[in-house]
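Take a look at this single chain in structure tokens; it is the form predicted alone.
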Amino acid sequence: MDSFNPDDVAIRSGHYIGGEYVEAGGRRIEVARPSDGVVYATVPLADAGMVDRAVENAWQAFRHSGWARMAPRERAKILRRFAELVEADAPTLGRLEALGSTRPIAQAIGWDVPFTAEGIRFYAEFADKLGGDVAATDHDHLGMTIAEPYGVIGAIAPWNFPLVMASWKIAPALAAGNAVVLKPSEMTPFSVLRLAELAVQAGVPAGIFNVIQGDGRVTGDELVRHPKISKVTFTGSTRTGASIMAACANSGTRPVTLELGGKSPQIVFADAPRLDDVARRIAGAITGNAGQVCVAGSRLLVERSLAEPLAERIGKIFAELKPGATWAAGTTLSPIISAPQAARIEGIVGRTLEAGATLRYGGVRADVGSNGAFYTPTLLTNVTAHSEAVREEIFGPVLTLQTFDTEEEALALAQHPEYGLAAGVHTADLGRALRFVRGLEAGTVWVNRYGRTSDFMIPTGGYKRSGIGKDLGRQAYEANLRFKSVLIDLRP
């Protein structure tokens, strides 16, 4: 994908409710480009009245549009058409995604948009293939469970992969027959608006997929507390997830799906095959999207004899990366989402060094000739389990390295007291790999790889404070259905 001029991208602002853009007075939120710090747009903040308007519109669409009662195969056809429109709209969606997010244009066009389309297509196929069951009962009774949509799903998506994360929320919910009111991050609000437009063009009834703009403190809180929201799905920080869970409980008790923070280990044994490949895998897991990934492999645990040669290889890969604007074709290292987040990264690294860690690579801002927030890929050694950079989710390209001598020591180091989102194990020993698969407290374990493929059937979600429930997979579809039990007496 060629570079583009960010000032040439046309932007539609406002909320998207009932198939139309809705502007509103009152407070507006400035939206800045991470690549250069330029404020390029504003969006309205949805207050309680606007949230109620969006939810009520979705509720009426759920009740009266026929979406929930439509023949499942017909709903699947519409969703497949939606996926096709997303693919065809890749140049527009890609530029909107790259313009104000941390996603370089080549990655937005080459991965984000196709992944979004394929996810919608994947869940379309569930619409007529999973439903209720007939239960085993005695001869004089008929027992069954009937799967029904919840109604209106309240969804809150993060800023790090705006399109992809939005699709994880809306695709299973729509396939199951629900309506959705989605709040994207106020830092990356525009590509999802285009997604909602395409859904209506594909035949999704107006109001079934509404988008509201705003922040978490006002708009997000009003959304999750609204009495006509039947279920909430959220991806973001552990602290915010806990607040959402409490709000849902205090406002009427409703189910939640939460994909939250992580501090994921990558465990490398001396027998790991192809050390150069391992190094590139590890480096990619902490520098992809500049480490702004919930499953980022941020804690490197290495068998002692391998630590030095692996660190050297990782440092060379770090040096290859080219920071730059997301609209520049050659960019391979994303900006940090904002100046405050870059300052937070600097603070954690600085305090960890003051506490005795060693800076092996990086540890400074990257100068790209703009006011963008860029941070060099960083490797810290001589850290302990108590080091701040080991304990805290940094959400930046910062990797810590610890060594071990035995399997038992490696497993003990890998377990985090708070997080359990993902883990990677690199070894040629299948038995060892399976022991770690069973022993690690993590919702996802990758062996001799790190990161997802397009196998949407494999769910993702965390243990401990890394979340509740699953995105992707059959589990995400079933989480958007409620099940009614029926028992019929057949005796005359």
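As the structure is a computational prediction, the values presented were derived from the model and not from experiment. Numbering starts at 1 and runs along the sequence shown.
Separately, the form predicted together with a small molecule exists; it is not shown, and the next lines address it.
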**OP:** Using the partner position in the model of the complex, report whether Gly262 sits within 4.5 Å of the small molecule, counting heavy atoms only.
**Re:** yes
**OP:** State yes or no: in the model of the complex, is some non-hydrogen atom of Phe190 no more than 4.5 angstroms from a non-hydrogen atom of the small molecule?
**Re:** no
Original post:
Is Pro397 close enough to touch the small molecule in the model of the complex, meaning at least one heavy atom pair within 4.5 Å?
Top reply: no
Original post:
Heavy atom to heavy atom, is Glu388 within 4.5 Å of the small molecule in the model of the complex?
Top reply: no
**OP:** Choose one stretch from 89-97, 371-379, 241-249, 397-405: the one whose residues place a heavy atom within 4.5 angstroms of the small molecule in the model of the complex.
**Re:** 241-249
**OP:** Could you spot which one of Ala157, Ile120, Val181, Leu301 gets a heavy atom to within 4.5 Å of the small molecule in the model of the complex?
**Re:** Ala157
Original post:
Which one, Thr235, Ser230, Asn289, Thr331, lies within 4.5 Å of the small molecule in the model of the complex by heavy atoms?
Top reply: Thr235
Original post:
Thinking of Met165, Ser185 and Gly220 as the candidate spot, does the small molecule come within 4.5 Å of a heavy atom on all of them in the model of the complex?
Top reply: yes
